[in-house]
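Shown below, as structure tokens, is a lone chain in the form predicted on its own; questions about how it binds or moves come after it.
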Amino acid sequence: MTTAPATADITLDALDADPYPVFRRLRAEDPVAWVPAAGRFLVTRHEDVLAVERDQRTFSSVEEGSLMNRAIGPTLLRQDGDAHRRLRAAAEGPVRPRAVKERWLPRFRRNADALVDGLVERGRADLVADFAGPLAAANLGALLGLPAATPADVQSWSQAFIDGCGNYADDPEVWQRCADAVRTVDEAVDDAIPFLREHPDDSVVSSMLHAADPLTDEEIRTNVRIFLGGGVNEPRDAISVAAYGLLTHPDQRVDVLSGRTPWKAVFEEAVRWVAPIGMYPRQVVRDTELAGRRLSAGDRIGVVVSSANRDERVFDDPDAFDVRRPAGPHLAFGGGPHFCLGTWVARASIAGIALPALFGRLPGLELTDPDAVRMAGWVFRGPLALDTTWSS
């Protein structure tokens, strides 16, 4: 294993609270840094993150001792080459742009309208708990093809998986909640499979069952878990960060509501500013050099897209939320063969539906205390709550 100067002062607690000062320092001083608390080298510059993404022969998604594999099994995200392509091809039909537009947007719009209908007269809500989370869960449950799962079920399973996949502190309670969620999700999938085998529809489970190279029931169970893991927290946090950004930058909000700046720009800036997935792992499979650092086969690295998205070599004033900035090459959805399958769902359901519904139907929407808003996480990151009021 490669030896390198340790950055022993970097703690997981510090990264969880606010990783960006740490990442700024690493980009400047040690862009491929050994961080003992994370047990891996953190790759923090944009060009190096992109190089890793484009070189699967050197940087593999198949990691020994993977937290994700321990939490939810060997999903498509921990496969390379033909094995990855087969699993991805079986699942991607329902999330392609045309399928999203024609089959799913009407359903997503009904889900958003129903949630806002329930909020309008209340005059106050936590936008994370009362809108962004339930909407993401309702959309995902429909997309997957799990009709018996409630949005509360989907949110609970998703959070258990996310916590397991990011359990770098090895908390036994986290592992237990994750194992419980795996069991109940598998039961839900097993209930859905017989019907969908006989009655194909537009869902992801149906797509995996009826693909040109169909997946086995166990492969379907495992890959439903990864859809659940990423399919709630990412849109939930993207909606929440975008709302927080506009609510704390009233001049930009005016521009958006007047139509001078499109909602798409709000979405792209939100996921650049605070990437819902901040870091994911890779493993070096042959000796190499990255940004001047010698790496050996077997070394573990963390691909820190949240740092790449604030690389001052690529983005002007990168720590600022600015929906007017020129479109830039942010890496919130990754790149290369593992480019996020849910990208088109997220863009359409958030920029096209969720954000316009919130700001269009809740007049005078504002944070009750902007200074009280806290974000947390560095592997996955977003606001913990957004307490708001409006004119009911």
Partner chain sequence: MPTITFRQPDGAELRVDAPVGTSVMKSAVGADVPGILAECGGQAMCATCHVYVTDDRALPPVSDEEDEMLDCASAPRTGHSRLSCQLVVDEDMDGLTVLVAGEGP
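Small disclaimer: the values here were computed from a predicted structure and weren't measured. Residue numbers count along the first chain shown, from 1.
The same protein has a further form, the form predicted together with its partner chain, not shown here; the description that follows concerns it.
Asks: Exactly one stretch in 61 to 69, 336 to 344, 352 to 360, 31 to 39 has heavy atoms within 4.5 Å of its partner chain in the predicted bound form; which is it?
Replies: Contact-bearing stretch, as computed: 336 to 344.
Asks: Do residue 95 and its partner chain come within 4.5 Å of each other in the predicted bound form, heavy atoms counted?
Replies: It does: once its partner chain is placed as it appears in the predicted bound form, residue 95 has a heavy atom within 4.5 Å of it.
Asks: Consider residue 54 of the chain shown here, and say whether it contacts its partner chain in the predicted bound form, taking contact as heavy atoms within 4.5 Å.
Replies: Output for residue 54 is yes: heavy atoms within 4.5 Å of its partner chain.
Asks: Given that its partner chain is not shown alongside this chain, does residue 210 nevertheless sit within 4.5 Å of it in the predicted bound form, heavy atom to heavy atom?
Replies: Close contact is absent here: in the predicted bound form, residue 210 is far from its partner chain, nothing within 4.5 Å, heavy atoms only.
Asks: Is residue 329 a contact residue for its partner chain in the predicted bound form, using a 4.5 Å heavy atom cut-off?
Replies: Within the cut-off, so yes.
Asks: Heavy atom within 4.5 Å of its partner chain in the predicted bound form: which of 109, 249, 177, 88?
Replies: It is 88.
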